[in-house]
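Here's a solo chain for you in structure tokens, the form predicted alone.
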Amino acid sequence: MSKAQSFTDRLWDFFCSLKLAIVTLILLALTSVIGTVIEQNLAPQEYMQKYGMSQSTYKTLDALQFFDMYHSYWFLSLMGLFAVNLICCSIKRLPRIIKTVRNPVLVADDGLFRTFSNKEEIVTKGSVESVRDKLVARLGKKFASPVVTEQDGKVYLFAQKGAFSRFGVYVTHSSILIIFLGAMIGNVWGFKAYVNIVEGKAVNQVWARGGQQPIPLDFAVRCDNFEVTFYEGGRPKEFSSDLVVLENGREVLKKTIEVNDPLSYKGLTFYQSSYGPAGDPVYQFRVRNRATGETADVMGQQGRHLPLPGGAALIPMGYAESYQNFGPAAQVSLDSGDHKHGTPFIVFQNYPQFDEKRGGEFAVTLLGVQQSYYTGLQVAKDPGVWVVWLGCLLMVLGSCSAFFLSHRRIWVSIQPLEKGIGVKLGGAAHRNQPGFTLYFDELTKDFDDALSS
């Protein structure tokens, strides 16, 4: 029986130890680096291509769950161990704190006064009752209303402020556990996915990162329009999507989303993430026959032969939003009718007369290009996010209470002496000792002035 109890005590001390907390925190920090360096939930081919690893290396790391680290058994075990350590430490120390707050020492004897770093003794005139009344009034005005205890011809006063600040650290501990709970709820019942929607189309399912099967939605999302603007040189400046949420074919929500301005509906959040061309662009040109002056407007997709008067054809070959800072441009070639492509050349939308200098049978002007796009959306579901926010709020409140508030206590002993009345004052604070020392000195001076008067 004693051996079992001894083992239980050792196990309890292990889970309550500060060393365990420090080691667990270091391991959590180091393993979190893995999740930062290695992108999570990619396809196997992406890992082998991006990190240059062999198939055997991938299988080893995958077996260790390095590619889905935050759902791995070892990471969740570390979080669980840290949570158990936090709970055990709180349980071990909490009864003593509750006793200190609910059942404070009201009578300070000589032994207790010897433990105070802040103490003072005053000898004054009058009776025990008159001194008591003066100090009760002054203590209530300057600090807090005291508890009066009379014992063996002596009078003892006790007053305290900020007693509940001692529980700030436990609020902080609870907030960490609540944040862990919110993260686990999000990991178990939430997901991160993506979806591409072509302009004018709607989807009712999304694809989880690294998943093989789509996740169905109980509503549909349609992209009515996608717009992108570019810097000079062709780099995208900003892009946005006009999204519509459909329930049973009925529009229930519309929103234009941009980067960092998502759409939220039924616990799902749609973030603007990427975009790309959807199909070949449609070109529109104006072609003039130099000899006859006859003009014709032609329109068609890239790579197609667009018929011209006389049996020739114009072939669009490529497009740039901004070609060498000259604006929209297209590369084209001419088929004179023998099914052979001529030498490719460039035409500009902003400079319609540019092709006049080229010579040849036809002068070509670019009127415009219609390119349809798909919008790439990241989709997140996190039912634990409000639990995490609650934990963050409690952490702020608990930290402020633990670091900026202090439990301050004042003891006073009043007893008759041969030549007057002896007054002993002692004080203690569980935080900010230098600040309390200054306050205690001012309070002692104020008591001395009150008794002198």
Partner chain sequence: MNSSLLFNITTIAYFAAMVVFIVYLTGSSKVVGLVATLICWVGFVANTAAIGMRWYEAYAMGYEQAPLSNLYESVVFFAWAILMIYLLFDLKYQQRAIGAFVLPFAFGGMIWAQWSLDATIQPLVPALQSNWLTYHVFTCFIGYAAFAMACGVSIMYLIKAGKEEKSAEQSPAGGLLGLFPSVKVLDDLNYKAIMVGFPMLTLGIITGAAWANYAWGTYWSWDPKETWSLIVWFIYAAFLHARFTRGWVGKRAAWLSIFGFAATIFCYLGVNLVLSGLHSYGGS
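Whichever C-alpha set is largest while still superposing within 1.5 Å between the two forms counts as the rigid core. Everything quoted here is computed from the prediction, not taken from an experiment. Positions refer to the first chain, counted from 1.
Below, we refer to the form predicted together with the partner chain, which is not included among the displayed structures.
Colleague: Heavy atom within 4.5 Å of the partner chain in the model of the complex: which of W207, Y271, F113, F219?
Modeller: Only one listed residue qualifies here, and that residue is Y271.
Colleague: Exactly one residue in Y374, Y156, Y319, F239 has a non-hydrogen atom within 4.5 Å of the partner chain in the model of the complex; which is it?
Modeller: Only one option qualifies, and that one is F239.
Colleague: Residues in which of 333-341, 67-75, 115-123, 361-369 have heavy atoms within 4.5 Å of the partner chain in the model of the complex?
Modeller: Careful reading of the contacts points to 67-75.
Colleague: Even though the partner chain is not shown here, does Q378 get within 4.5 Å of it in the model of the complex, heavy atoms only?
Modeller: Taking the distances in the model of the complex, the answer for Q378 is yes, it comes within 4.5 Å of the partner chain.
Colleague: Counting only non-hydrogen atoms and a 4.5 angstroms cut-off, does M79 reach the partner chain in the model of the complex?
Modeller: Answer yes; at least one heavy atom of M79 falls within 4.5 Å of the partner chain in the model of the complex.
Colleague: Does R290 reach the partner chain in the model of the complex if we count a contact as any heavy atom within 4.5 Å?
Modeller: R290: no contact with the partner chain in the model of the complex.
Colleague: Tell me, yes or no, whether C16 is in contact with the partner chain in the model of the complex, where a contact means a heavy atom of each within 4.5 Å.
Modeller: The answer is no: C16 has no heavy atom within 4.5 Å of the partner chain.
Colleague: Would you give me the residues of 252-267 that have any heavy atom within 4.5 Å of the partner chain in the model of the complex, in order from first to last?
Modeller: If the 4.5 Å heavy-atom criterion is applied to the partner chain in the model of the complex, 252-267 yields V259, N260, D261, P262.
Colleague: Inspect the rigid-core superposition and answer whether the C-alpha of V385 shifts by 2 angstroms or more between the shown form and the other one.
Modeller: No, its C-alpha moves less than 2 Å.
Colleague: Determine whether the C-alpha of G80 shifts by 2 Å or more between the shown form and the other one once the rigid core is superposed.
Modeller: G80: C-alpha displaced by 2 Å or more between the shown form and the other one.
Colleague: Take the rigid core as the frame of reference and indicate whether the C-alpha of C16 shifts by 2 Å or more between the shown form and the other one.
Modeller: C16: C-alpha displaced by less than 2 Å between the shown form and the other one.
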